[in-house]
Structure formats: C-alpha cells, structure tokens
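As a starting point, one isolated chain is supplied in structure tokens, in the form predicted alone.
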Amino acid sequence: MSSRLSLDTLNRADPAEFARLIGGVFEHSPWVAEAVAPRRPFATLAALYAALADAARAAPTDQQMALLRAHPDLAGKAARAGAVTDFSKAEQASAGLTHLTDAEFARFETLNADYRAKFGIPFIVCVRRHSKDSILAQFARRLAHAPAQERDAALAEVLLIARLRLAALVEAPDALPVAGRLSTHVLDTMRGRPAAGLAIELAQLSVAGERLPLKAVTTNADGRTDAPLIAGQPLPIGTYELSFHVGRYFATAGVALAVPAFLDIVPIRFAIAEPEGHYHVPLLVTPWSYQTYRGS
C-alpha cells in the first residue's frame, strides 16, 4: 500500500490540515499551501501544482524574498550538521553534497558567502537535477546576474524543487513531468542479432577526474537491459560513461579474435543536459568497429 497522500485526501481535508500535509513542499513556507486551499477541489496533481506555483509567483516581493531566505545554504554549516528539513537533507545528499571533502566544503562556503553578499538570499538550485559539477557551474553563471534577474531565477528553482516534492508526496491519477530516462541496447552487427549477455557499466565523471560507479548490468535476450539505467527521477546534469565489455562478449560467442582483441571495452562518454529528457545510447558493434547515437 502506498504511503503517499492521495489527491482525494487533500481535497477533503480542512484548510488547516491541507496546509499541514503539503506545507513542506515550499521550504518553511506553509502560506503557499494556505493560499490555494480555497481553490479546491483539484481534479489533477498538475492543477494543484499550477495553483501552488501561481500563488508563489503572485506573492508580494517581500513574501517571495522570505520564501527564498527560508532555504538553507547548499553544503552549508546547517546542512553539514543535519539541521535542515528532511526534504533538504535528502535533496543535498542526492548530489553528494553531504559527503564533500573539507576543501570542497570550504569552496561552497566561499561561494555561498559571495552569493549572499550580492543578492541577500541563499543560493537555491534544484539539486536533484544536477551533479556537483553542474551546481558549481550554476554558481558561476548566476553570480553574474542582476538582482532582479537572480530573484526570478531563484524562484524558478524553488518551483522545480516544489514540483519534485509534490510528486513524491501525493498520489494522483496523473503524474508531474519530473523524471528522465537513460537506456541502452546493443546490436551485434557482425551476426545481425541483439547482443545478449554483454556486460555494461555506467559511471558518472567529474571535472576533477573522479569516477562514480552507478550501475553494472548485463543485456538480456533482446540486447537491452531489463530496466532503464536511470528512471523514475531527474537525470542529473553532467558527464557519464557507458563501458561495454565487447571483447568478452565476442569471445564467449566463439568468435575468432586476435590476442589481444582489437576491441576489448568500448567506452561511450556522453553528457546529459536535460534532466527530464530521454537519453537512449545504443551500441552497434563488431569485433573491429562500433557506432553510437542518441536514440529515442
């Protein structure tokens, strides 16, 4: 049985209970939920989210600024001590911000201080849509904004955070567009068939050269993986690498290979820029050649 709230439950709740149940979707700002309670019932989750977003956008500037200031610093002292909401704690952990080195924490503290000094608010980004590298790139880009431009950018990120939180919290007949998908398949073009039993590894790569293993799988009879490599969540913006163990595959299939084989492990390095997009990265391979592309 799902532990998520049903949309019907929210529609039937009294206004105070409604605000209590979904008030945390906006960090320490239940007034957003309170503002839309009179507009119930909502037929869809999309309608509820649109109403919440409209209420946040329509609020006076001082109330919007209070909403922005309610967010914690990324990888700040409060986050490091665990003194943030459960939502924020899980979100920062998803991007690896709770396991930084002392030097990385110091870098974030400097960036947070520079940002607060210029804009008077914490730096806000929907971290579930980013890798650590892309968060740092966002810092650099947005520090160049004018104050009004950055307030709009920060509010847009708050709405992305709220959309993800609402999708995780509420069960409804419809679904919010919060998840991307990464998939692959392998075709043995020498023999004209799907490459079954081929080992694949997926890793995320950092600018500093770090390699974070994410998944190790083996293709099924259709040359695909039994489930997408990443699904049910945003695809963090960043650089990835798929490693296809083609040498072992062809050797196991009884193909006569040179020693050592011309192709052993085929690495495909690619970037993800659309967290809610579908990235299909197939491999067409022989013992001596390969091809890839972004499919659908």
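Bear in mind that the values here come from a model prediction, so they are computed numbers and not experimental data. Note that residue numbering begins at 1 and tracks the sequence as displayed.
Below, we refer to the form predicted in complex with a further copy of the same chain, which is not included among the displayed structures.
268 is the sole member of 70, 268, 253, 37 with a non-hydrogen atom lying within 4.5 angstroms of a further copy of the same chain in the model of the complex. Just one of 66, 261, 51, 59 comes within 4.5 Å of a further copy of the same chain in the model of the complex, counting any heavy atom, and that one is 261. Remark: residue 19 does not count among the residues lining a further copy of the same chain in the model of the complex, judged by a heavy atom distance of 4.5 Å or less. Using a 4.5 Å cutoff between non-hydrogen atoms, residue 118 does not count as a contact of a further copy of the same chain in the model of the complex. Using a 4.5 angstroms threshold between heavy atoms, residue 192 counts as touching a further copy of the same chain in the model of the complex. In the model of the complex, residue 287 approaches a further copy of the same chain with a heavy atom inside 4.5 Å. Remark: all three candidate residues (187, 237 and 296) come within 4.5 Å of a further copy of the same chain in the model of the complex, counting heavy atoms only. Judged by heavy atoms within 4.5 Å of a further copy of the same chain in the model of the complex, the contact stretch among the candidates 146 to 154, 165 to 173, 221 to 229, 103 to 111 is 221 to 229. In the model of the complex, no residue of 42 to 57 lies within 4.5 Å of a further copy of the same chain by any heavy atom.
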